[in-house]
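Let's start with one chain on its own, the form predicted alone, as structure tokens.
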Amino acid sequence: MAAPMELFCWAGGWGLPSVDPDCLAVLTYARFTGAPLKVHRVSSPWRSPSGRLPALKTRDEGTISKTQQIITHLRKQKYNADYDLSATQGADTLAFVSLLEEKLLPVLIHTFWVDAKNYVEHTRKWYAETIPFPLNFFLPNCMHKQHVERLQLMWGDGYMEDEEKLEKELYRDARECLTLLSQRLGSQKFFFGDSPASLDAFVFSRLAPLLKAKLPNGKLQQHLKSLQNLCNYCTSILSLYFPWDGGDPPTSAPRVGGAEGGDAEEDPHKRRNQLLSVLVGLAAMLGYAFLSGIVSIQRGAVGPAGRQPIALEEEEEEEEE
């Protein structure tokens, strides 16, 4: 029997099986199609074989780390949620996915990672509590910087010139996108009838985090909650396909080194990650000590009576290497 494919994704939270939209899209597509995956819900990208999340470890093609490429690979393995779609429905899928990426995704990034109140009180707080020590001291800030740079690439050079005006326009476009999705869904169970397709995986993965997160500044969230059919749609998918994957650990179980899902309690890279954590923590402490002037390296001639300065700092550097 062939070894199952292994999916590495961010841990769950906020009542979701994963808090990351890309990871949630892959998880949802896999549930729709019944793809046999061994799921590792991890609390750091360093626990992925590629260093990125999501990541699909396959037998024939190595590790795949891009959402669309993972879904394409699952289709090649005959797990195709779009098998019964017509040519027109296939074209609609491409159009709506493009709409989501162009109009909704930038505002979602802004809502969770750029809006100062949401980032400090919600997003950074969750990741800092989930990511294991000592990575939780700097990984959330690194992720914040990456998302800001990604947003600048999406919005172009005019992003910093009149940020407030551009933000208003983009939030207006995002609200129109949500309204259009609501009108397209109507009273249907899924976007193309009674069976889910890849479009449903993408729409759900973008809407569910926005719906479930407890955001202190929820401008776009309030508009989503006013569209009842989209709220029911997300709730229905959660109850049908993730009835036991709420994501939040039980209160009686203490969290040790981050939250990982029950699908894979054993970390396949435990020894490597422990070593990396120790090295990173040591490097961070040494760097802080040198930059703050707490520790310095003294080089000079031998003092009187043959006494030499104690080279403690140099010994620490050699130990780190």
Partner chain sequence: MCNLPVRVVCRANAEYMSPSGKVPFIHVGNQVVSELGPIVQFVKAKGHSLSDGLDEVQKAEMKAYMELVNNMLLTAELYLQWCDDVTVEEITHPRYGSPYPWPLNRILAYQKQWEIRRKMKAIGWAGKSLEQVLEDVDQCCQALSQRLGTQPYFFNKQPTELDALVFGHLFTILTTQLTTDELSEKVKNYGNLTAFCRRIEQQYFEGHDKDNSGTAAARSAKRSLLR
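Residue numbers count along the first chain shown, from 1. Computed from a prediction, not measured in an experiment: that's the story for all the values here.
Another form exists, predicted in complex with its partner chain; not displayed. Remarks below refer to it.
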| property | result |
| --- | --- |
| Segment that reaches its partner chain in the predicted bound form - one of 205 to 213, 180 to 188, 76 to 84, 109 to 117, heavy atoms within 4.5 Å | 180 to 188 |
| Contact check for N229, I237 and L240 against its partner chain in the predicted bound form, heavy atom at 4.5 Å | no |
| Of L99, L220, L139, L105, the one that lies within 4.5 Å of its partner chain in the predicted bound form (heavy atoms) | L99 |
| A128, M143, M154, L166 - the one with a heavy atom within 4.5 Å of its partner chain in the predicted bound form | M154 |
| 4.5 Å heavy atom contact, E176 to its partner chain in the predicted bound form | yes |
| 4.5 angstroms heavy atom contact with its partner chain in the predicted bound form for K66 | yes |
| Touches its partner chain in the predicted bound form: K225 (any heavy atom, 4.5 Å) | no |
| Partner proximity in the predicted bound form: D92 to its partner chain, non-hydrogen atom cutoff 4.5 Å | yes |
